[in-house]
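Next up is one chain by itself, shown in structure tokens, the form predicted alone.
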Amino acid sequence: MTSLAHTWHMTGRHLRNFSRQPWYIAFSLVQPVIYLLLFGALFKRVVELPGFATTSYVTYLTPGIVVMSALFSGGWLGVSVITDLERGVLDRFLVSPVWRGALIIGRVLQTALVTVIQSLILIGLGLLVGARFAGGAAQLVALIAAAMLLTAIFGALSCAVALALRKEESIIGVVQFLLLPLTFLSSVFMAPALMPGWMRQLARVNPLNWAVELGRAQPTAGDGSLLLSRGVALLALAAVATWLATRALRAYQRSL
């Protein structure tokens, strides 16, 4: 129970910090909104090619943009860790009796909750420009859950990298090196059947693509096995990433 209380306290602390800068959500959504509106209009006729299971590109694109936004939110989480390192905030917590896992999990949970808000905004915008979710509320729940899990995975990994490198320039370089390739090596923008073979193979082991598939699955259309397999895989990766981040935190503490 102590670990849960500590985690809740740290999550609340990060949420209070976030409440002081509510415009963060608007700024963080600029790029995803541009992708949704511009790519949705530019490539709307690509669904006429064989390989797409929908007649509306914006319907295909919206879950991908939601998940991509979650990836970016999680990927940049390490920058806030660097800020706390430079200001000595993390060091002060490390001399307190707080459970070490709470220092990571609380931060990741706060980012995942912000992802829910971002996802709802993007889903609403997608609906306004013509996206439709044949799976109804169940599909929307699966999409938001996939976004939260992806945020947790890459948020925890970003924290681990930040604790290992301890330089803002380094974490920015790592994030920029990974995020765009992960995005384009997935089915966010293009149906797998239209990808080159080597890209299709890489997409199969890309967690971002697993989240996209989970968000596009329709529980009412018999996609239960896909939902289960992708959900379990993402949940397992989130647990492993959080463990790695916690280990990185303990390694940082030992180096002090």
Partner chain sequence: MAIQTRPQAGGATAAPPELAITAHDLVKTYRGGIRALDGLSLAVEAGTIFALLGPNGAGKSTTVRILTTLARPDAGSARVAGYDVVAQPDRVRRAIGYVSQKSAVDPEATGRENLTLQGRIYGLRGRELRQRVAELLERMGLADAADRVAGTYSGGMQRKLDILMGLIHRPRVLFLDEPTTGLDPEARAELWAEIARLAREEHLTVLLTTHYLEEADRLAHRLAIVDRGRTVVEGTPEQLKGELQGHTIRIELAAAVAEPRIQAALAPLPGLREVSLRDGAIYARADSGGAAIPAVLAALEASGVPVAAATVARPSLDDVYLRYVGRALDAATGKETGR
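Residue numbers count along the first chain shown, from 1. All of these numbers come straight from a predicted model, not from anything done at the bench.
Just so it is clear, the following notes concern the form predicted together with its partner chain, a form of the same protein that is not shown.
Residue contact with its partner chain in the predicted bound form: Q253 places a heavy atom within 4.5 Å of it. Contact between M10 and its partner chain in the predicted bound form is found at the 4.5 Å heavy atom cutoff. Taking the partner from the other structure, its partner chain in the predicted bound form has no heavy atom within 4.5 Å of any heavy atom of L128. Remark: I172 does not count among the residues lining its partner chain in the predicted bound form, judged by a heavy atom distance of 4.5 Å or less. Here the chain stands by itself, but in the predicted bound form one stretch of 118-126, 131-139, 88-96, 174-182, 88-96, has heavy atoms within 4.5 Å of its partner chain. Relative to its partner chain in the predicted bound form, residues S28, Q31 and K167 are all farther than 4.5 Å at every heavy atom.
In the predicted bound form, H9, M10, R13, R16, N17, R20, Q21 are the residues of 9-23 with at least one heavy atom within 4.5 Å of its partner chain, listed from first to last.
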